[in-house]
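In the structure tokens that follow, the same protein chain appears in two forms, which are kept apart as structure 1 and structure 2.
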Structure 1
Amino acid sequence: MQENGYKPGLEGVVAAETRLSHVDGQRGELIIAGQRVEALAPQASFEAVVFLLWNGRFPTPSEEAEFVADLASRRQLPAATMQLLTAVAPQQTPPMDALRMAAATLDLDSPTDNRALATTLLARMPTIVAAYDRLRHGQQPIPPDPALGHAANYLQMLDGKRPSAARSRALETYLNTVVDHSLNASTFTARVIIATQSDMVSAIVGAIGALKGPLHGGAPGPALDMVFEIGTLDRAEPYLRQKLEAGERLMGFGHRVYKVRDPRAEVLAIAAEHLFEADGDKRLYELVKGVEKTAVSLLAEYKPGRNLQTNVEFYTALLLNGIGLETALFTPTFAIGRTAGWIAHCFEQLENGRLIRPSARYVGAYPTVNEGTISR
């Protein structure tokens, strides 16, 4: 803590009270709306988790069916949104930039009621990502299928194939795992914007902008690239030693909050095992497990006392690759899940109704001449 109460980056400052999620970095615990992530993520549907966050309770079977149908009915993009995506695709605009631009258009044909608009925003995020991915590869977008759930529909819009149950469940588990994570940078951005009584679309676009930054959105792709470069388990130790001795970071290890193994990494590791057993190359999974074990051991040797453990990026990369997504889609897919959490925080902030307005401590110069005279 600095003098006068100044805390760089607002670290440790409690700026909100929330019922949405709790992170205990010392114990390696993530609770989402009263549920441990390791119990919630692999079992619940994504739609049920969204309902839980937005309403503070699980839906009844009829409420879940109604919400699934409502979400599915709102997936089609406005014509102007599709025109925008079509226009930027030939320039190979990065997918996160395309998502940021397109999300800003999503209220062109939407109701002003916050609940209805929120459902529309959530429904259309996968459609944006999938449509743009196909357009930038010179393919025509695939219309959403109202008969499929949120996760399965996204996969079908990407490649035109009805996804297997294993692929759909793996993606659903991932979306549930990343749906909310306390007051992170993008969530805080959304709350600041909505606290001004701006609109929901502006809050979500701002959150996407914050997530796009590499210090927040992370880099799950490089974690898997490292595994591919290693290639075989016998090369893991010399490869990782070389990186550590060169002062390089091992991607997928260490976390600003978690001082033990990230609980999300555990959930996704189990999900990846199930996926690769049912619908993938188990050899890649075994290689990743071996690299993880070697990396954790070497980090303890080279950086004693820091307890650098596996974070969510490491198994995110493996799981999303196993599902069939290319690296450029990893962060946009994260945004598809986290949008539900951003919206939930917006609802919570609107209940509070208070403007978020922190102070800054002035450290610049003061006038040294008489009042009314410019100091040069």
Structure 2
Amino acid sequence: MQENGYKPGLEGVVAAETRLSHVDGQRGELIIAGQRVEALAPQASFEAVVFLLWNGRFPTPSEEAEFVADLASRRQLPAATMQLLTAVAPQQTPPMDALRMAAATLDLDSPTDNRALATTLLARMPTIVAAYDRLRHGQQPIPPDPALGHAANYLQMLDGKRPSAARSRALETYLNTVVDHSLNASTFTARVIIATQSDMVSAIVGAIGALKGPLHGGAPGPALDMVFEIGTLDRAEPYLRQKLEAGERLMGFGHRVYKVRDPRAEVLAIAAEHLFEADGDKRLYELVKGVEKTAVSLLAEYKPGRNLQTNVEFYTALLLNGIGLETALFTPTFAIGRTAGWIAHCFEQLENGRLIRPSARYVGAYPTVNEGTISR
């Protein structure tokens, strides 16, 4: 802490009260709406987790069926959104930028009721990502299928194939794992925007922008590229050592809050193990495990006392790759899951919140000449 209470990066500053999720960085615990992530993520449907976050309790079976149907009925994109995606695809705009642009158009035909708007926003995120992915590959978008759940429908809209139960479950586990994580950078962004009594679309668009950066949700692509570049386990140590000697950061390691292994890494590692077992090829899984071990021990050597451990992004890369997603889709897929958490925080901020307006310590110059004259 510096003088005048200034904390760079707001580290350790409590800026909200939330019932949505709790992160214990010393013990490596994540609780989502009263449930441990290890239990919740692999068992519940994504829709049930969203209902839990938005309503503070699990849905009854009939409420869950109703919510699943409501969400599924709102997936179709407005014509203006599709036109925008079609226009930017030939320029090969990165998918996260296309998502940010397209999400901004989503209030064009939506009701003003916040609950309905939130459901529509959540429903359409996978449609945007999948439609854009096909357009940028010169393919026609695949219409959403109301018979499928949120996760399975996203996979089908990407490649036109009915996904296996194992792939859908793996994606659902991923979406549940990343659905909410206390006051991370993108969630804070969403809360700051909604706290001005702006609108929910603006809050989600701002959050997408914050998530995109490599210090937040943009890390899994580079983390997987790193594993592919390493290629075989015997190359891991020299490769990682060289990166650390050059002062580079290892993507997928370190966290502002966790000083032990991120519990989400374990949930995703187990999900990846199940998926790779079903697939019959565990070579990448074994390589990732080995790279993790080497990286953690080298980080302890190069950054002693920093407790740099594996974060969620490292195993995100492995799991999403196993599901068959291209690297460019990793961060947009993170956004698809986290949108539900951003919206839950918007609801909470609207219920209890005050305008968020911290202070800054002024370190600039003061006028040196008389009142009314500009000092140059």
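For the two forms, the rigid core is made up of the largest set of C-alpha atoms that agree within 1.5 Å on superposition. No experiment lies behind these values; they were computed from the predicted model shown. Numbering for residues begins at 1 and runs along the sequence of structure 1.
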_Just verifying the output here: the form predicted in complex with acetyl coenzyme *A should be either structure 1 or structure 2. Which one is it?_
2
*Rigid core superposed: Gly290 CA moves 2 Å or more between structures 1 and 2*: yes
*asked:* My question is whether His255 is one of the residues whose C-alpha shifts by 2 Å or more between structures 1 and 2, given a fit on the rigid core.
replied: yes
_Aligning on the core only, does the CA of Val178 end up 2 angstroms or more away between structures 1 and 2?_
no
*After lining up the core, report the Cα displacement of Asn307 between structures 1 and 2 in Å, one decimal place.*
3.8
*Having superposed the rigid core, state how many Å the Cα of Gln242 shifts between structures 1 and 2.*
4.6
